[in-house]
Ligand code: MCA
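What follows is one chain in structure tokens, specifically the form predicted on its own.
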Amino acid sequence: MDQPRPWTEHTDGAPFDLPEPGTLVGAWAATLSGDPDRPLLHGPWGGVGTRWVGRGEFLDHTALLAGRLVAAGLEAGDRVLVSGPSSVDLAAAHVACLRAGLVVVPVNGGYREAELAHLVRDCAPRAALVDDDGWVDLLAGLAPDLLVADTKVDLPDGSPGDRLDRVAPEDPALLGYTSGTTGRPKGAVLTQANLLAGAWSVVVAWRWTSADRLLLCLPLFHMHGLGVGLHGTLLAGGSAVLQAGFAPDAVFDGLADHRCSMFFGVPTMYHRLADHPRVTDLGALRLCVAGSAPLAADLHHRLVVKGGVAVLERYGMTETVMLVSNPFDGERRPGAVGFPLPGVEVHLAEGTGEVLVRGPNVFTGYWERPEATAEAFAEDGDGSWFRTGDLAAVDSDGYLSLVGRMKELIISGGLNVYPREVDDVLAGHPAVAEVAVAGVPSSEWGEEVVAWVVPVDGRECPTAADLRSYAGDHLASYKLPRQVVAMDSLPRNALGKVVRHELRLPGS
């Protein structure tokens, strides 16, 4: 990077050593094996209620589940779909898979049949551990040979033998599905070492210790909730209160009842917390972190004034876990995402300002997509760098700010929306002749999905409610348009391709 990077404690030549033995599960086992009665996770457990589960109980239970998965015939490297509301059971299923050397494929419980079918075709999973209504039958119909169980892994007992926690740093551990703006999502292969480096960088940077207790209502299919919230908690040896979904009253009750010290959220959550009568409770926390979408500067300021909290904004993505963060000590600058995290190198491409990154956190490539993998990395005289597709600028103090995207991915409420996927569904509406969706800025959602529609001759343009009703059986709710703009024609280039950046709301 041409500008200075004043992260003096850990970058600029300072070593970044990962905990032994260099794997996520090995580091977890080493951290959690001491003080077995210490509370670890609070949430739904065993289908019989909500309670605290201690370190020892969690390790013993995940070892038991790992043994059952091995006894069921799953081999190291097999892919396993994991999905369900946030719970200790879901966390245990995830950890058990990793301890057995399996590759977790986190899945959004809001997915519909077509979205699930793509994942099943693409990664050919051997098993699925789910706690979503109707999914057992749905998955059985998509893949009759798939082993499907609930997240409590109600399978015959067995022993993991010598496979428990015996993975190598370079072994694949997680297949996180992501995409650009066209085509179907592709799976980013993250190794044990990638996940360890991503979590360890924020443990170090945010001074995360075993004394910390996190209120975590982010979903455990997303890198923010899973790769940072859950993985970081286990790595630091702290504790977490898991809540299935976001409800402001439940958040404030959980913070108070369990004496939490940390909260992680997306801007949509902070928007609602800022308007809550108990917003001042946030000021008692040691750390509040925002990510997954830009935090508006005015919302940052409102939280400072009304809540007494300077939210720490950071920047990451599926392929890299975490990249950049505002400092824990020092100014948390509104509108900026800060400096490279420990172990991470960031460079801005000459001419475009695209964020390029490398480090032990960076994924190994896309699942069975060699061409996409090759396109994702840029070579220069100093080695290979991952091309994030994000555009950034660095101010005179070295703070990095994101200014746009080279591609057209929409991030709404912290969740990725791929325009082509939505286009394809909406185009089937009988009143739609042509359609293109894009994101527009939203103080609540970060971005919201808007559909520009050319109606069929002689038909009225469908409303947002019409399109949401039509597409609701095919797409998760966060992908559905919140506004519709009627058009006579869509802007296209000389090759006939829709030029999304020219789509504008009326009056803008």
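In this text, residue numbers run from 1 along the sequence as written. Computed from a prediction, not measured in an experiment: that's the story for all the values here.
Form predicted together with the named molecule: not shown, discussed below.
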Answer key, the named molecule contact in the predicted complex at 4.5 Å (heavy atoms) among V136, M269, A433, V394: the residue is M269
The single option of F252, Y111, F246, F328 touching the named molecule in the predicted complex, heavy atom within 4.5 Å:
F246
Heavy atom of R302 within 4.5 Å of the named molecule in the predicted complex:
no
The named molecule contact at S477 in the predicted complex, heavy atom, 4.5 Å
yes
Would you please decide whether P169 lies within 4.5 angstroms of the named molecule in the predicted complex, comparing each non-hydrogen atom pair?
no
Taking the named molecule as it sits in the predicted complex, is W445 in contact with it (heavy atom to heavy atom, 4.5 Å or less)?
yes
Taking 4.5 angstroms as the heavy atom distance cut-off, pick the stretch from 68-76, 235-243, 218-226, 121-129 that is near the named molecule in the predicted complex.
218-226
Taking the named molecule in the predicted complex and a 4.5 Å non-hydrogen atom cutoff, the residues of 307-324 making contact are R314, G316, M317, T318, M322
